[in-house]
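Two forms, one chain: they're shown below as structure tokens, one block per form, named structure 1 and structure 2.
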Structure 1
Amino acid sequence: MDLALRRSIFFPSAEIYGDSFSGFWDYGFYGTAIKNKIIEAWRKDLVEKEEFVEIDGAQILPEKVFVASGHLENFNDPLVQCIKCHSLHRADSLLGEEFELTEGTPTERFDELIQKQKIKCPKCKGNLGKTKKFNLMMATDIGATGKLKGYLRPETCQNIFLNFSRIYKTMRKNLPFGIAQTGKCFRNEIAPRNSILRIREINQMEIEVFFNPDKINEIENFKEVEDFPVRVLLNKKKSIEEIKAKDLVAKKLVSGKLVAYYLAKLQNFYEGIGIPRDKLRFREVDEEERAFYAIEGWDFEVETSLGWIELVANNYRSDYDLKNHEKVSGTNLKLKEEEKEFTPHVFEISAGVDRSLHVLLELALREETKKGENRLYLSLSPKIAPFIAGIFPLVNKEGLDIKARKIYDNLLEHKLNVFFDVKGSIGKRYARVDEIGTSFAITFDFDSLKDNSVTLRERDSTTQKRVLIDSLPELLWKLSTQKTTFTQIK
């Protein structure tokens, strides 16, 4: 958090007005760059390679949408208020993880446990009132009369369901096919906490895969992942198992090949952007804990200093969404295949961008002492580093800065993500790029004037190699796409 604030990676929104506006965070220059890289990697690996289509839907939707989706009735958290100081708290947070509390736990159970455990208000130690269900939706009036009521979307998937029929027809797709979307959703959290891990304005990466339930095992590219070891924590088990995707299907641990395929693809994606395999798992979500629309759920979680953090909700939503929107809107959303009419089923892959960024930063943070000096850096994958390289003149004289600037301009023309810095000593510039996770540093020195080469310094090892200036565009592209590594450079 110190690094995030000091380097303006992310910080509280409207912070000059105090901390009363909690649950909202802004991204600075470097944080925005890392966030965009995460989304870009997701788009390439899980959207474009799967030949899905991406949309950009409205953030405010009419009330009827959330009547159909069930959010107005079911999207609740348990709220309890202090009788003495009137402060508000989440009942499940006060009780902690010791008890099995789910979305379906009745309010009476919370009251019973709070009384039994003699839990008081954390602020004033006063007695707590009765638990109530608090709806997390954020409402807004639309238009001058205020008669039309709308809601800020609590998840990005509803736009996808509403647009499914049009996209299916206009994009001429066959099932199974996916519709993806990135964007913001809004949840009126009772007690936002842990910086960007639990917030009110959330960045999401959403994929909804539509398929014929009778063909859940007809997945064209399943052979690509059939031997991939998926790390799962099965319901009521205490230890993580690595089970091949094909065995998840054979043992009926998942509903079919389609589910196993996308679990494998998702794990492979997160490993590729820097999550160590031994730090991740898919936790099977039991029936009582699952979201109200899900018949099967796998939470993708990563182990951090705060415990296991959920990054992605993977839910088999069946035909719940399309059927309900069809009922409330009166629009036919059924399809026909081989003369059989049916409502498509949906498998959801809903990832939190903010949570992913937070976890990736924590797992990448390194601190070491070399030659009596402390060094702090972010060991980020080149796929999500804010920049592939910083370009530095050794000193700002004798034309070194002008020549270095030309290298920078040339690399920008090759669409490489680099930046130019001339301020401070070369050691301080190295320290700055290390702290924000830039993969490499390129230094133009006095030898560069003679041999047309530069020093390429790797962030993690601080090892340096001389490379030709003319080779930089292709070399940096290969390094950024992980088609080569620093150790392979001669």
Structure 2
Amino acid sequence: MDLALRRSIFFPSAEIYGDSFSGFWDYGFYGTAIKNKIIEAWRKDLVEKEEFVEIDGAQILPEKVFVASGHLENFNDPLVQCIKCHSLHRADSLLGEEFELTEGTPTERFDELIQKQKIKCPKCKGNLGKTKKFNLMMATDIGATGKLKGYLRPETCQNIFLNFSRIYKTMRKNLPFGIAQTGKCFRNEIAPRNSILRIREINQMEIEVFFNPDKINEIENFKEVEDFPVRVLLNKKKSIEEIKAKDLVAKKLVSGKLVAYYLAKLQNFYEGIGIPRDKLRFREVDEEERAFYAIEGWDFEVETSLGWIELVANNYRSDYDLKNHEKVSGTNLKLKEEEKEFTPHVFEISAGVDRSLHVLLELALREETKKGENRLYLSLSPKIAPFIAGIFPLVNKEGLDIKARKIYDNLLEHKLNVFFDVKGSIGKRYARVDEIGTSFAITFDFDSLKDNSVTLRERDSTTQKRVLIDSLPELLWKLSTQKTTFTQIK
């Protein structure tokens, strides 16, 4: 957090107006770059390579959408107010985890437990009032009549369900067929906390895979993942197991090959951008705890200093969404395959961008002392580093700056994420790029004028190599896609 605030990676929104408006965070230069890199990596690995289709829909949707989706009725947190000091609290948080309280627990059960456990207001020790359901959606009036209500979407997936039929027809794809979307969603959390981990304005990247439930085991590329060791924590079990994707299917631990396939792909993606295998797991979500729309759930979690944190909710949503939108809208959303009409089922991979970023930064943070000097750096994978390289003229004069600037322009043209910095000593500039996780530093010095080469410095090892300027675009591309490593450069 200290690093995040000091380097403006992320920081509280509107902070000059104080902290009364909690749960909203902004990304600065480096945070924006890292966030964009995470989304790009997700797009390539889980959307483009799967030949899925990405859309970008409105964040505000009409009330009927959430009547159909069930959010207006079910997307609630239990709220209690102190009779004495009027402060508001989440009833489930006050009671703790031992009572197995879930989304479905009736408010009377909370009142009963609060009474029995003699729970008082944590602020003033006053008595608590009755538990109420508090809907987490944010509403706003649309138009000037005051009669049309819109809601900020509480999850990005509703646009996907609404557009499924249109996109399916336009794109002439076969099932299984995935639609992806990245963007913001909004939840009026009663108590936002832990910086960007529990917030009110959330960046998501979601994929909904539509399939024929009779063909949940007909996955063309299953061979690719069949031996992939999926790390799972099964319901009621105490320890994590590594189970091959094919065995998850054979042992009926998942509903079918399709589920095992995407769990394996997702784990592979997160390992690829820097989560060590021994820090991750899919936790099986039992019936009581599952979201109201899910018939099977696997939370992808990562172990951090704050405990296990959920980055991705993987839910088998069945035909829940399409059936309900069909009912409320009166539009036919069924498909036909081999003369049989059916409503497609949906498997959802719903990832939190903010949480992924937070966890990736925490796991990448290194502190070391070398020759009595402290060094802080972010050992980020080149796939998600904010920049593959910083370009530095040794001094900001004698033509070095102009020549170095030309390298910068050329690398930008090659779609490489680079930035330019002329300020301060080279040592200070190195320290700064290390702290924000930039993979390499390129220094243009006086020798460069003669030998057309620059110094390429690797962040983690701090070792340096001399490379030809002309080789930089290809070399940096290979380094950023991990087709080559720094040690392999001769």
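Just so it is clear, the model here is predicted, and its values are computed rather than measured. In this text, the rigid core denotes the largest set of C-alpha atoms whose superposition between the two forms falls within 1.5 Å. Structure 1's sequence is the ruler for residue numbers, which start at 1.
Checklist entry - The form predicted on its own: 1 or 2? => result Of the two, structure 1 is the form predicted on its own.
Item to check | Post core alignment: Glu398 C-alpha displaced by 2 Å or more between structure 1 and structure 2 | outcome: After core superposition, the displacement of the Glu398 C-alpha between structure 1 and structure 2 reaches the 2 Å mark, so yes.
Checklist entry - Superposing on the rigid core, does the Cα of Ile295 end up 2 Å or more away between structure 1 and structure 2? => result No, Ile295 moves less than 2 Å.
Next on the checklist: Superposed on the rigid core, does the Cα of Gly183 end up 2 angstroms or more away between structure 1 and structure 2?
Outcome noted: No, its C-alpha moves less than 2 Å.
Item to check | Per-residue Cα shift, Cys124, between structure 1 and structure 2 [Å; core superposed] | outcome: Residue shift at the C-alpha: 2.4 Å.
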